[in-house]
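The chain below stands alone, shown as C-alpha cells; this is the form predicted alone.
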C-alpha cells in the first residue's frame, strides 16, 4: 500500500478512527479491571495505529455467459474482503456508477482509496474471472490477473473465487489473504460420538470428513493442507491417525509405548508428527516420521503430563501444556525440539497459578495463543503471549471478553484466530481479528471442539497475468 498517498485521507478520519478503536477494544482489555485480573501483565488488543484503507467494489460484469454468475462472484469477493478486516469496504454505492469504465474522480469524491473491478468471461468449465485493483489516489491500475473458474456447481468453485480475493488483499497490503482456507474441527453428534468436519473460511461448504461411529478429535493440518492428523477411539483406545483428504486413505501411528496417544501436531516440514503419550509408567512428548513410517523417539518424559505440543515455524522449539508444577492447574512451557530444559511461558504467580491451556504458535513465529484464566469461577478467554528468542513474555494480550472461549488456532496470516466460544444462546466457532478486535461467528448451533485453521489451499488455482 502507498502510505503517502493516503496521508491526507488518514488525517481527516483520525477522530472517527479513534472512536472506532475504543469500541473495538473488548472490556476485558481496558483499564484497571484487566490489571487486577491479570496482575503484572499488560493486556489489550494489538492495534498497530494504522487506519484501514477504504476499498470500493464496482459492480462486476460478464460476457459470453458470465453475466449469470458475475454478481455471485462479486458477493463472495466482497464478503472475503470485509472478513479480512483490512479494509473499510463500501457496500452501498451511489446510482450512476458505470459497470464498464472507472471514473477515478468520482471514486475519489466518494472517499475510496482502492477500487476492485471484475469481469467473468464465459460460462461452465471454460469461464475466467478477470480482476483489477485500482489505486484511486494515483489513478492507475495497481495489478490485474485472470483466474480460471470451475463450474459453479463444483465444490471447488468458491475456493477459486476465494483465491482471487486473497490476491486482492496481497496487492493492496503486501500481506497474505486467508479466504482460501478451511477450518477442521471435532463436532459432537446426536448419538454422542464425535466426528471431524471442515468448513470454509466464510462459514460455507460445511461437510463431515470422518464417519467412524466413535470419538474423533484434536485435528491438525499438514503444512501442505492435504492431510489431517487426529485422535480416534475407534479401537477402544485413543490412537493417532492421518487422513489423506485427496484419496481418503488413512494410516496410523504405531503405539510401542503403553498409554494414550493424543494431541498430534505436524513439524513445519510435514514429515513428522509430535504428540503426547500419557498414562503408563511415564508420560511425555514423542515424535514419529509419518512419511517414512519410522523413527519413534521421545522429546520429554517424566511422571507429569506434557500434552498439546505446537512447533515454532522455524522448527526449533515446542510450546506445550504441562501439570509439572503439581498445583492442579496446567501451564505453558517452551522446550527445544530436540528436548532439554523446559521453561515456563505462562504468567505463573505463586498462590495464583491460573489455568493456561491449548497453545498454538503463530505462523509468524512471534506469538503464542492459548486460553486461560487467573481465578476459579472466571470464564476462559483467548490470550496471546509475545515470545522472542527468550522464554518468559512480559506482555500478554487478551483478545476476547464475551462468554467463555477456548482452544484457539491461528490463521496463516498470523492475525486471525478461530476458537470455540460459548454464549448464552449456546456454543459455536468464532473468529477474532487480534489487531482490531472484530469478532464474527463462523458456525453456530453446534458443539465443536478443538478447531484447527488450515494453511492456504490456493496452490491448485493459478492466476494468469
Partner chain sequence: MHYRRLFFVFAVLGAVTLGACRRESPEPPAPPQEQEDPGPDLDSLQRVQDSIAAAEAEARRQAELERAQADARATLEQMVFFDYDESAITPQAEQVLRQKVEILEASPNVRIRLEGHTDERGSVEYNQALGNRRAESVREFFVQFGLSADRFQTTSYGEERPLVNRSDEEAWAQNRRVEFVITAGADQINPPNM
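None of these values were measured; they are calculated from a predicted model. Residue numbers count along the first chain shown, from 1.
The next section is about a form of this same protein that is not shown, the form predicted in complex with its partner chain.
Per the 4.5 Å heavy atom criterion, its partner chain in the predicted complex is contacted by stretch 260-268, the sole one of 260-268, 103-111, 76-84, 167-175. Shown here without its partner, the chain carries 51, 54 and 135, none of which come within 4.5 Å of its partner chain in the predicted complex through any heavy atom.
The partner is absent here, but in the predicted complex a heavy atom of 278, alone among 142, 335, 278, 198, sits within 4.5 Å of its partner chain. 330 is the sole member of 118, 330, 284, 347 with a non-hydrogen atom lying within 4.5 angstroms of its partner chain in the predicted complex. Looking at residue 217, you'd find a heavy atom of it within 4.5 angstroms of its partner chain in the predicted complex. For the chain shown alone, residue 380 is a contact residue for its partner chain in the predicted complex, at least one non-hydrogen atom being within 4.5 angstroms. Contact annotation: residue 288 falls outside 4.5 Å of its partner chain in the predicted complex, judged by heavy atom distances. Contact check for residue 353: every heavy atom lies farther than 4.5 Å from its partner chain in the predicted complex. Residues 406, 407 are the ones in 405-422 with at least one heavy atom within 4.5 Å of its partner chain in the predicted complex, listed in sequence order.
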